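One chain follows as structure tokens, the form predicted alone.
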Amino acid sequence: MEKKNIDWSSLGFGYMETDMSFVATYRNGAWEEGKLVKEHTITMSECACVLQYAQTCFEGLKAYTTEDGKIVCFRPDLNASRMADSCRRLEMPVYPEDKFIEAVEAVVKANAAWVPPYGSGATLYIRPFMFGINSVIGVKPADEYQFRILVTPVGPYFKGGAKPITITVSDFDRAAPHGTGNIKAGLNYAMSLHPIMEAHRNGFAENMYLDPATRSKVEETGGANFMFITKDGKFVTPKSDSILPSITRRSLMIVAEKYLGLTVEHREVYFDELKDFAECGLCGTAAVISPVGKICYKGGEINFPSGMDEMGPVTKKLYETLTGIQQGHIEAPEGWIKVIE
């Protein structure tokens, strides 16, 4: 397969139209057969449910070219399962999980020329999403939905390597105690836009959100889970019913235990503990791990011993091991790598 004539090394993290997208429609109580389409625009009523009441959810995953030339996806079954959970919470019809994986495979195959070559540092970002499309003026779920997948080539999240970032503790709450924090709903990201722009205006890269009930425990950022390394080498991640179950974080937990031999703790993490940790990072699909060097908050700051120059040593091993698995350097646990035939 001849690749597109693109300067892969100069790609940013943005949208670029590719050859094909995937679309399936739900109407009259059932999903119609999905198909690949060349059209990348959507026509809908001004009164569409998604525009009035934000009934929409999405996922994010990537396709990679491995060293031996195969195109692979990383754990798409977990994306299918998480999207099903999001749909159920938002009263949307679940797109069957097996069909979800088939659709991912079909759209990646159709855009194989857009999957960046091995060694370029770039990947093909895959965005499945669903929304209520028919007109709804009273507050209720839609009757018709579209499930779509778009793909776009993206460059590495960090140009020139991942340098530790400085974050701040947000005065806003990310999610309600019994709200939608544990699903990938578009509305979660809409409410995070003002806090992240405020953080940027004040010179910070990201927000740390605390639990809304007591504001004493660490939750997540607007788009990534936290991970910490203790001074005695334990891998710790916050546990909460209002945290999105990050696929990267769940994978890192296994990497930490099975590949690096670390003790793994998935538990409530109190803000007061942070000063005692050696390393901190944000984990998610886009960057895999973003190292954190400093956390600022009213009345002080926390400077991690790993510093502001580079990833901490344990974080770096975790990053190199997980990306090595994704790119085919390191043998993956069974079922983690989906080869696109």
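These numbers come from a predicted model, not from an experiment. Residue numbers here begin at 1 and follow the sequence given.
Note that the form predicted in complex with pyridoxal-5'-phosphate (PLP) isn't included here; everything after this is about it.
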Candidate stretches 216-224, 138-146, 229-237, 94-102, one within 4.5 Å of pyridoxal-5'-phosphate (PLP) in the model of the complex by heavy atom: 216-224
Is K109 close enough to touch pyridoxal-5'-phosphate (PLP) in the model of the complex, meaning at least one heavy atom pair within 4.5 Å? no
Though only this chain appears here, would T248 touch pyridoxal-5'-phosphate (PLP) in the model of the complex if you measure heavy atom gaps against 4.5 Å? yes
Residue contact check: R89 to pyridoxal-5'-phosphate (PLP) in the model of the complex, 4.5 Å heavy atom: no
Taking the shortest heavy atom distance, is M311 within 4.5 Å of pyridoxal-5'-phosphate (PLP) in the model of the complex? no
What I'd like checked is whether K163, A278 and G307 together line pyridoxal-5'-phosphate (PLP) in the model of the complex, meaning each has a non-hydrogen atom within 4.5 Å of it. no
Would you kindly say which of C283, A48, C57, I295 lies with a heavy atom within 4.5 Å of pyridoxal-5'-phosphate (PLP) in the model of the complex? C283
Between A80, V72, L244, A256, only one gets a heavy atom within 4.5 angstroms of pyridoxal-5'-phosphate (PLP) in the model of the complex; which residue is that? L244
Near pyridoxal-5'-phosphate (PLP) in the model of the complex, with a heavy atom at 4.5 Å or closer, the residues from 173-188 are R174, K184
